[in-house]
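To begin, one chain is listed below as structure tokens, in the form predicted on its own.
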Amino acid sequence: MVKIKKTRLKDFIDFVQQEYDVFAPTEVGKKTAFKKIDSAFEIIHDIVNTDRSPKEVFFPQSEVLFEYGKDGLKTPERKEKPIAVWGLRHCDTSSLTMLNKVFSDAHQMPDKDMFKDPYWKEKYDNSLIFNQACNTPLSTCFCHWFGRGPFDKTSSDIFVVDVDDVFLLEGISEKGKAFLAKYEKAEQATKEDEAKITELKRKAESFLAEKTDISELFEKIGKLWDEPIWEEISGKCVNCGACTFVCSTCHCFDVSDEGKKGKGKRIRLWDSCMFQLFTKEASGHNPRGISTQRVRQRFMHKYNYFMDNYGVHLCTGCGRCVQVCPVNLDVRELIKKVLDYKIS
């Protein structure tokens, strides 16, 4: 483990930028998001979770897949450097590994591989992920429900801890270790530095509310398809889709062709299972025409279908959906309702 004085962070970010385009938490209008920065001075350090999730770094809200014309298809060339992301919390780091299962390692059954998305793979496979410990979790955070924690090191290349006037950095993956080894200006962390991490971790975990045991969630929710609980859960939902757009793991998208006079572009755009038109077929039939069906789909996907395919829930407990819901639907309370529900 090494340490970098905060007064020398600009030098370190400059070093990273020699090989990577650096994305970090910064202001975007009136919101905060992970965006490409030119200088370390743009980074916002005193924020737990950005308003917008980091999935848009690798899975943009709007992305040109290819251009077409009389001469055939042309895929846009990526002239940018590989991507490094600074300031990710573990909930967001783990969300990227879930999206990687969808776009790079998709399968319906263990022996049935599916399409691997080249647009995602090119960016994510070559990236450098800095996972920063979360010293002060919010009241809406519930990462510990899913076996994670504010100081979890997994799913990252380099683990970062903000301690007093320094950042402590530990290489986790071979890529991360190799990169840190190249930065010769870092100092070795002392035992006193590492001891501070233990205390910060204990304090951070004390901020989290009582943990709910969700070990039975997968099995329980799988038995509730025809139960009236979905009408109760969806009663207040207005299907605005806000939860899906800020969610770090939601990945529904639409594809649109825009062009005229024999040429155009095919564009991938975020979509939401909460929208009525999402599943409307060309025939006019809509298998999820009412809110209850759409809310059930969202819950089943996150806490049953994805677990069935990949062995994890499609939720990291970041709490963004809790913060933005206009009718105060708290996913934690809805999970508890499912767990407490008595099947008739």
Partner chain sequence: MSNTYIPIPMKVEKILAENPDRSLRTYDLSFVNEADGKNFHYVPGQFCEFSILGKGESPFGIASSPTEEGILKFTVSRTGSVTNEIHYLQEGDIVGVRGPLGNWYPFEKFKGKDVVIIGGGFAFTTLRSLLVFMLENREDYGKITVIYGARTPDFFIYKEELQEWDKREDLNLILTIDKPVPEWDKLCGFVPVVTKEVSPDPNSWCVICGPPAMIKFTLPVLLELNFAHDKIYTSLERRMKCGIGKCGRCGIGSKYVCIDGPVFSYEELKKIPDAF
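Every value quoted in this text rests on a predicted model; they were computed, and no experiment measured them. Positions refer to the first chain, counted from 1.
The following text describes the form predicted together with its partner chain, which does not appear among the structures shown.
- A single residue from the set 227, 117, 170, 193 has any heavy atom within 4.5 angstroms of its partner chain in the model of the complex; that residue is 117.
- The listed set 220, 144, 201, 251 contains one residue whose heavy atoms approach its partner chain in the model of the complex to within 4.5 Å, identified as 251.
- In the model of the complex, no heavy atom of residue 236 sits within 4.5 Å of its partner chain.
- Under a 4.5 angstroms non-hydrogen atom cutoff, its partner chain in the model of the complex has residue 271 among its neighbouring residues.
- Taking non-hydrogen atoms only, residue 257 approaches its partner chain to within 4.5 angstroms in the model of the complex.
- At least one heavy atom of residue 261 is located within 4.5 Å of its partner chain in the model of the complex.
- Note on the interface: of 315-323, 23-31, 296-304, 41-49, the segment with non-hydrogen atoms within 4.5 angstroms of its partner chain in the model of the complex is 296-304.
- No residue in the set 5, 8 and 207 has a non-hydrogen atom no more than 4.5 Å from its partner chain in the model of the complex.
- Annotation for 63-89: interface residues with its partner chain in the model of the complex are 65, 66, 68, 73, 75 [heavy atom within 4.5 Å].
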